[in-house]
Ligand code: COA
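Next up is one chain by itself, shown in structure tokens, the form predicted on its own.
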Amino acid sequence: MTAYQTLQIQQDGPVRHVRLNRPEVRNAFNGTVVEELQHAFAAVDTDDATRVVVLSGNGKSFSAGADLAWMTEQADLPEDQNRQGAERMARMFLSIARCKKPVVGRIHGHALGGGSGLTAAVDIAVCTEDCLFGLTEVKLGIVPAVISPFVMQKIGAGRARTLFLTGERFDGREAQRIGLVHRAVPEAQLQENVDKAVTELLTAGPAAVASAKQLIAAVAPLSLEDAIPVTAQWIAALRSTPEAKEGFAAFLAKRPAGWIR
């Protein structure tokens, strides 16, 4: 397995743990983190042994967003290089959102700026009730540009309109209320709830989970009428696969499906 400077990778059976590992700066990300996260999630896509990814952060916080020293360096680059750096960061978030395997976020401490963006990019985010979120970029004279598509997919343009403009901070309970996270729980129950989400994913057909992620991306922009031929073809193709036939047979025989270990 690849050795990383800013990430800690651990394989636990079918679960791959990807941990941000810059605790001294609350896991703020710089160019190395951007490159390594994208590489790590590309590696997951091609690893048949991995069925679920858990993204977390070592130390007191999940991620305080972009490292300001690195952002300052990027701002001083020529325009083309500045833009290319921003595009690489956007593709890092995309590699998480488009990962073929389901991604569970274990969110604690601070998840500010880009940390809120990482939270939005995962499929299932579980946070502590006192976790601190915020689209705080305007406080620095910038905007949450590259994370905006991921955040708005989760919370909608209406809520983004307030949070992007004010940069106000909010806790895990509010993050759950607005849809940024799946569940906010007491700190003592965080790992238990992450484990529960992972267990649920492992009882689902792996090909079906990957297909469900693709389905959401394909259907979301369509009208109800335009979605009909797409979704009809989708289920027709999927229910004739070996995985679906095994799922049907297992249910009728009242036994676990073959992918459940």
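Here the structure is a predicted model, which means the values were calculated and not measured. The first residue of the shown sequence is 1; numbering continues from there.
The same protein also has a form predicted in complex with ligand COA, omitted here; what follows describes it.
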To verify the annotation, which of these, Ala28, Val194, Val52, Leu37, has a non-hydrogen atom within 4.5 Å of ligand COA in the model of the complex? Ala28
Could you work out which of Gly113, Gly172, Gly105, Pro102 is the residue within 4.5 angstroms of ligand COA in the model of the complex, going by heavy atoms? Gly113
Per contact check vs ligand COA in the model of the complex (non-hydrogen atom within 4.5 angstroms), the hit among 149-157, 94-102, 133-141, 119-127 is 133-141
Close approach of Ala218 to ligand COA in the model of the complex, 4.5 Å, heavy atom: no
Applying a 4.5 Å heavy atom distance criterion, does Leu68 contact ligand COA in the model of the complex? yes
Even though ligand COA is not shown here, does Ala64 get within 4.5 Å of it in the model of the complex, heavy atoms only? yes
